[in-house]
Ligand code: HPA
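The chain below stands alone and is given as structure tokens, in the form predicted on its own.
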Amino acid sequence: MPFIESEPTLHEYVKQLPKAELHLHLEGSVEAQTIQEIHPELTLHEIQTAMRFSGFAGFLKAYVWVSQRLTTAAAYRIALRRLLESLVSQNVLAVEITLSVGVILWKGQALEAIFEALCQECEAHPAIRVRWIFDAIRQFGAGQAAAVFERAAAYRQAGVVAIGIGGDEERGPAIWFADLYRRAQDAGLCLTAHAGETAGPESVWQAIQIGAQRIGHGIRAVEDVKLMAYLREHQIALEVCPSSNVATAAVRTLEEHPLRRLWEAGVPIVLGTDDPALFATSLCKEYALAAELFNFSREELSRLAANSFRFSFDRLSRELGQHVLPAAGE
């Protein structure tokens, strides 16, 4: 009797699918168990309580709490080690990790020692290609961001591919950073920005105005037909993170999330996790949600995976995607 190979389950298919992760904050990836590994004097209950939140303001508070537990270069290295182990287990072949350099400088830490430790840890994980995005805090203003972007330019040869701004859109409008973005681009850096997460389409337009080549979240673009057309025509990808958007109350429920509407409008989409430890998610889970809640077919999931390489800021990651997903990337 001939052997008939059964079709993989959805979760098997998603895990086997070669993927890249483009919207991921190192600080937001630190699991409670990893914090306890760094600070054994803390109980899991204490850590989990501090990481529990509701709403966007509560999320920012929890994010800062986690960041403040990363007290040494060694702590950052452990956080990265556990993150890369998780990504490799999900068949993530390339990642652009956002490092909250604005927070590191705010804490008064030595970025040089921290980034050197992170680069050393990357060498121990040859199965995944790691590149970095240095992130400034919008509400801290352009002065603080200038110091972040100067360091990004200095570390270009060490794997920093882009700069970005995160934090509170309302209290830190993108237009404040126009000159800095222009200088960063002149220095050879790519440009991204969190926008259209908690603020409306005008926030995405501002990010585009200052040169953003990808948009972190951008889900409020669904409210503006002209904006969606612009994103489609200019191939500006949205880094969409459904579980994040519900956890921070940017969207009330997963069922109300505009992922499917954006996709059907032809807007380029890349799935991301944002802060997987704080949002109890993983990249495989986000792909599974796309299938289970938003009726993405396996062919569409493959196209999403191809997008994750195609819209990378790293040339070699883009080439890797063409090799591992050639049909979906055509």
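Values in this document were obtained by computation on a predicted structure and should not be read as measured data. In case it trips you up, residue 1 is the first one in the sequence shown, and so on.
Quick note: we don't show the form predicted together with hypoxanthine (HPA), though the next part is all about it.
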Checklist entry - hypoxanthine (HPA) isn't shown here, but in the predicted bound form which of Ala280, Leu60, Ala265, Leu42 has a heavy atom within 4.5 Å of it? => result Leu60
Checklist entry - Is every one of Glu21, Pro242 and Lys285 within 4.5 Å of hypoxanthine (HPA) in the predicted bound form, counting heavy atoms? => result no
Checklist entry - Is there a non-hydrogen atom of Gly196 within 4.5 angstroms of a non-hydrogen atom of hypoxanthine (HPA) in the predicted bound form? => result no
Next on the checklist: I'd like to check something about Pro173: if you look in the predicted bound form, is any of its heavy atoms closer than or equal to 4.5 Å to a heavy atom of hypoxanthine (HPA)?
Outcome noted: no
Checklist entry - Can any non-hydrogen atom of Phe53 be found within 4.5 angstroms of hypoxanthine (HPA) in the predicted bound form? => result no
Next on the checklist: Contact with hypoxanthine (HPA) in the predicted bound form for His217, defined as at least one heavy atom pair within 4.5 Å: yes or no?
Outcome noted: yes
Checklist entry - Among 105 to 113, 159 to 167, 119 to 127, 250 to 258, which stretch sits within 4.5 Å of hypoxanthine (HPA) in the predicted bound form, heavy atoms only? => result 159 to 167
Checklist entry - For 260 to 294: residues with a non-hydrogen atom within 4.5 angstroms of hypoxanthine (HPA) in the predicted bound form? => result Asp274, Asp275
